[in-house]
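Shown next as structure tokens: one chain only, the form predicted on its own.
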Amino acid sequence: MNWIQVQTFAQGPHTYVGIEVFLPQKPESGERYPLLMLLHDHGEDRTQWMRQARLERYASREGVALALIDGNQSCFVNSVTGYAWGDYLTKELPEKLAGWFPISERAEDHWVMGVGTGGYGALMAVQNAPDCFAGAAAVNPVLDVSCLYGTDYEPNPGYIFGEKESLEEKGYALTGRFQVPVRIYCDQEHLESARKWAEKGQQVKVEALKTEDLLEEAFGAYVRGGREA
């Protein structure tokens, strides 16, 4: 695949953002590729997916463009302090990528996938903007960000979400009810809680991961066919 490194100013979060873009090796004239955006976990950056999954192996075979995005430990949501990472992810960035590269502009060709807090961000993206995506996936996602309060999580969760007691009121609670298909991949430690959470949801499927290569296994399964489930 073609690997392009981008450093660009993002209007939503008011900062420069690094992006790794992977495109099929020999794009045909006039062809535009579906897009899968990959979101990293807390304490990581956009290279997490490159280091922990053989992205090119599956994406090249399926003809999918990839965008690995730095989220600056934002959980990829609009913060109470005015940094609009959520708007950047759902609207600003897909439009820019489609303008710069042979990537489809159509929402039905856009998916988002994340791990940990990035998984929470991916699920929030399709919950808040279902018309911008065809679906989402998450690997061991944080399903309730209230668990971040009272821990050593940095930055302080209050800077992102505000007061713990008002998470639902401010729109930071995941409902589990989605308008587009959602796939959650979990190891044994997270599997039971994810299944219980999904029981009250809509359009959610939970899959057990069988190997220690969590991102490799989940990414491969999602790109090969999970996006259509």
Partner chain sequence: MVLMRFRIHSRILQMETDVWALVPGPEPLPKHGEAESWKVLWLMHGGVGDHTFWLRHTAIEEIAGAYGNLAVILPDAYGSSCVDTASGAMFGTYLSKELPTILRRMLPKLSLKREDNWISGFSNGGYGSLYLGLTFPESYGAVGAFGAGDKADADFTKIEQEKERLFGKGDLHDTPYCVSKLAKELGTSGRLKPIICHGCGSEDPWRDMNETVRDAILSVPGDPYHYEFRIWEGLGHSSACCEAAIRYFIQKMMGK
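All figures in this text were calculated on a predicted structure; none of them were measured in a lab. Numbering follows the first chain given and starts at 1.
Only in words, not in the display: the form predicted together with its partner chain, which the text now covers.
Although the partner is absent here, residue 143 lies well away from its partner chain in the predicted bound form, with no heavy atom inside 4.5 Å.
Among heavy atoms of residue 108, none comes within 4.5 Å of its partner chain in the predicted bound form.
Looking at residue 153, you'd find every heavy atom of it more than 4.5 angstroms from its partner chain in the predicted bound form. At a distance threshold of 4.5 angstroms between non-hydrogen atoms, residue 99 is in contact with its partner chain in the predicted bound form.
Scanning 32, 195, 164, 177 against its partner chain in the predicted bound form with a 4.5 Å heavy atom cut-off leaves one residue, 32. For the residues 206, 214, 23, 221, the 4.5 Å heavy atom test against its partner chain in the predicted bound form is passed only by 23. From the list 133 to 141, 91 to 99, 118 to 126, 74 to 82, the contact stretch for its partner chain in the predicted bound form under a 4.5 Å heavy atom rule is 91 to 99. Annotation for 1 to 17: interface residues with its partner chain in the predicted bound form are 2, 3, 4, 5, 6, 7, 8, 9, 11 [heavy atom within 4.5 Å].
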